[in-house]
Ligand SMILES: NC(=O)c1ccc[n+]([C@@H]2O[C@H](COP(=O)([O-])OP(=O)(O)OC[C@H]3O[C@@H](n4cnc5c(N)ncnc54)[C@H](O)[C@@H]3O)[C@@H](O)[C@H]2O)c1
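Consider the single chain below, provided in structure tokens and representing the form predicted on its own.
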Amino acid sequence: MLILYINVVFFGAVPFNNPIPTKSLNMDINRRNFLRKTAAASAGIGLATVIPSGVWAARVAPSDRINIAVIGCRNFGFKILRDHLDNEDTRCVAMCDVDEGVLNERAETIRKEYNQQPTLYSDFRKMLEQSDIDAVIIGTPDHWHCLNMVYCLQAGKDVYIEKPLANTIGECNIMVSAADRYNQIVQVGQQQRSNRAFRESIGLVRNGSLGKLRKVKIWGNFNYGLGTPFRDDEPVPEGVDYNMWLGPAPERPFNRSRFHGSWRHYWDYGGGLMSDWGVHLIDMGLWVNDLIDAPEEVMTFATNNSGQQRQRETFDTMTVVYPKKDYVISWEMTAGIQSGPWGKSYGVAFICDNGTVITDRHGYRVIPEWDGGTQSHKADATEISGIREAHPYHVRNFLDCIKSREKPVCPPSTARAAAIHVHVPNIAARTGESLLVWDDVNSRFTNSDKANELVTPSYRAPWKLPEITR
């Protein structure tokens, strides 16, 4: 019998440890979003069609309001900022970006939609001198994450930082040490840990009703993973501080294929589709068994197999196997296509003795195994769809933890494990190693000197890799 659940608005009971606080669960339709996006409906129930967000914000005492700043305003940094500001107890007081055009455009949006006028900066170090900032969103390219976060923590700010935690294993280690040293609240943007579909599907695996977990099959297929068309180098656009954008990365001429929206296809700044989507999905394969350790062995096959010549350094085709003690995790990536197993371009399949749970961000489906002896299914066939994206819940968890000083659902120590699980295969692909063995105690590979050269980056002067002392 098929049990069908359609678009449940709130999470309901969470079937395993570390539930999202109740306050986090009720943010699907908050007052600001409702009034901003459904003015016509407001008129129909006797409300004014436009009510400034400041009216609702006035209900929160200034002492309870969290002052937010953001570094990197173009893409997800700005989206996450809006997710913060859709809560009544937040205010944007500062914004920073190396592209003056992007900065001014985003600041104007904040002024119009939230009636707030943050102070604008091109240098995040100068921004951190602003004394009223409580928390900082880091939405910069991956190669900036380590410096951004350490500077913020040293300035006494709580941090919401986009994934992956950092662009290298060595930087991840530094960031975990910094989070421990400065004792601030840090939430890493692996928001699937706040996603109802993954929480409930993992709960089904953990409660034993599906039998023993055998495999976690993960895949991600997206056109954009191919990279961008070839472009010539060109002068730096007006209003862009390109030297600051490069930061600790090696000096290179300006090229739009390595800039806005496409930087992640170059090793100096990112790790391609592997570290963009892979870090989210592989994290679920670890979370199902509460693993926060780095991988011990990783088997990798990687190539550029699409036949398309694109301007990129990362790979378009990868297969990775992570042997674990009681199960195995596999990752399949095929850039340039938009289809995959069970008709999904991406997903996670938890394969158990009694059934398989196929999950993405919007729902999950249980496919039960058949018992020939009893002539019945070994588990209930279940399907849930229409689940909302989890960014607002992940943000609310961060805000609640700022107030309670409790640990958020994805601290750096947790995010480090997922990041290393994507960095090791990328290192294997770059060095041509099919098997890498990782010694996490000494933070080195035991079977490849070439791979060890890519564990920790060399920063371009005057930037220096942070040193964290206890």
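Sequential numbering from 1, following the sequence displayed. Not measured: the values here are computed from a predicted model.
Keep in mind the form predicted in complex with the named molecule is missing from the figure; the text below concerns it.
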*Looking in the model of the complex, any heavy atom of Gln309 within 4.5 Å of the named molecule?*
no
_Close approach of Arg196 to the named molecule in the model of the complex, 4.5 Å, heavy atom_ = no
*Would Trp144 sit within 4.5 Å of the named molecule in the model of the complex, counting heavy atoms only?*
yes
_in the model of the complex, does Trp263 come within 4.5 Å of the named molecule, counting heavy atoms only?_
yes
*178-186, 157-165, 292-300, 85-93: which one contacts the named molecule in the model of the complex at 4.5 Å, heavy atom to heavy atom?*
157-165
*Considering Asp99, Asp400, Asp268, Asp134, which brings a non-hydrogen atom within 4.5 Å of the named molecule in the model of the complex?*
Asp99
_Contact assignment for the named molecule in the model of the complex, among Val320, Cys73, Leu210, Ile202, heavy atom within 4.5 Å_ = Cys73
*Who in 244-260 is close to the named molecule in the model of the complex, meaning a heavy atom within 4.5 Å?*
Met244, Trp245, His260
